[in-house]
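Below you'll find only one chain, the form predicted on its own, shown as structure tokens.
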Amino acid sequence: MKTRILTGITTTGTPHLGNYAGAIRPAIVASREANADSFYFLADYHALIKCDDPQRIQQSRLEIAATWLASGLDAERVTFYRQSDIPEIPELTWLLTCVAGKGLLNRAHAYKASVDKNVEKGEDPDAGITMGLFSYPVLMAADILMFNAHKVPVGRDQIQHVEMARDIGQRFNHLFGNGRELFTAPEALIEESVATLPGLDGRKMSKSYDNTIPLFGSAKQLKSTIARIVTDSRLPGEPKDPDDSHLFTLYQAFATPAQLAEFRGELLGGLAWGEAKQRLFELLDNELSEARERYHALMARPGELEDILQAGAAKARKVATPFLGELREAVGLRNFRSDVTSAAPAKKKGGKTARFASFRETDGSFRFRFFSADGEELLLSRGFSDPKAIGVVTQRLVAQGVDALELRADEDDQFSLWLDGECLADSPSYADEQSLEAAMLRLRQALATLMA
């Protein structure tokens, strides 16, 4: 079984070298593992909590999408999408909001920090605090639980949000699962080995400190930024201490062991800081130059980025749409037309029931028929190459019941059964539209008896 890993990237800024080394590069490497089923999304709903500048959010979405793809993320291998392209996410957020305790959300670090800051100023504790900030953990829980992620790579400051997602999901399971685990319990994945890069002044690289190194600026811009790295006053020829140099730490994050050993030896031998910065520039430019070209090519073709993200959203919704249907049924938000379980006749002990019957065609394919309790054939499936696939489909139809049925009527007074966007079976032809609708109802009722 593959491990599903989910990572969100908030779209409020332009990625810098620290983001690349600390999050983007290791996540892309992890996505290539054979047992990984990776979901990466642009968290643009989250961005609205922090930013009220539409242009900044739009530009950031474009830059971050281009950054991940230019850095080597394979959109065919992973599921890469924008949060705002998945309408099931806000609906699930509301379902989870209705079970999330206010006391739990009161303990969220970001909310408590904002309250404490207001109290220190002598203001009302909730001054300036939006419901977006307060309920942010519920939206994050929806991101995680929508796709039943097993692992969620986060920084230590985000562990609480994964734990809250577990709590909310378990509460939902308890209330509505009816013995089933609708939501998988996610785990926070902390990468202890991930690099935390120092910025130009030695503090953690951060836009808030204005000490970042641009990721995909021009080679000239990269070189001039590296020239601003703060170093000590040791002169050329004087030994430098690599372990007390954030320039060496930056070099270490991108060098091979052989390159690092050589650089360490040169610093101990008195390499001038100007030469050391040139070495760092050459190393980073070699690492980033090809990705830089891909990035600027993608930025010049936003329509191509849009196509990639729309394809990713379609891929994500193949998971989200049927799962949300299951959740809607669990909480009682059912279609009146399909919610016929209570009216369906119960199975009688020893009596006839609706049934599936599979068989093999002369061409070697496998098909099934579905009969009502009185023997009426309601469906004839399309061909399957594997008989086990028939068992999986029929078991799913029985387990999920009438709300799993997507029935589409056609112009020939027939209807077809669709599941996850694929046509699985067709009905016989009927005399008129009224007979067709009656047959669709009989199909729902027959399937409902198997759930009873």
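Quick note: we count residues from 1 along the sequence shown, nothing fancier. This one's a predicted model, so the numbers in the text were calculated from it and none came from an experiment.
What comes next is about the form predicted in complex with a small molecule, which does not appear here.
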{"item": "Answer range among 21-29, 8-16, 424-432, 438-446 for contact with the small molecule, defined in the model of the complex as heavy atoms within 4.5 Å", "value": "8-16"}
{"item": "All of L247, Q259 and L280 with a heavy atom within 4.5 Å of the small molecule in the model of the complex", "value": "no"}
{"item": "Contact test in the model of the complex: F147 vs the small molecule, heavy atoms, 4.5 Å", "value": "no"}
{"item": "Proximity of Q158 to the small molecule in the model of the complex, heavy atoms at 4.5 Å", "value": "yes"}
{"item": "The small molecule contact at L96 in the model of the complex, heavy atom, 4.5 Å", "value": "no"}
{"item": "is_contact(A43, the small molecule) in the model of the complex, heavy atom dist at most 4.5 Å", "value": "yes"}
{"item": "The small molecule: the contacting residue among V154, A253, I229, A313 in the model of the complex [heavy atom, 4.5 Å]", "value": "V154"}
{"item": "Among the candidates L215, L267, I168, M140, the residue which, in the model of the complex, approaches the small molecule to within 4.5 Å (heavy atoms)", "value": "M140"}
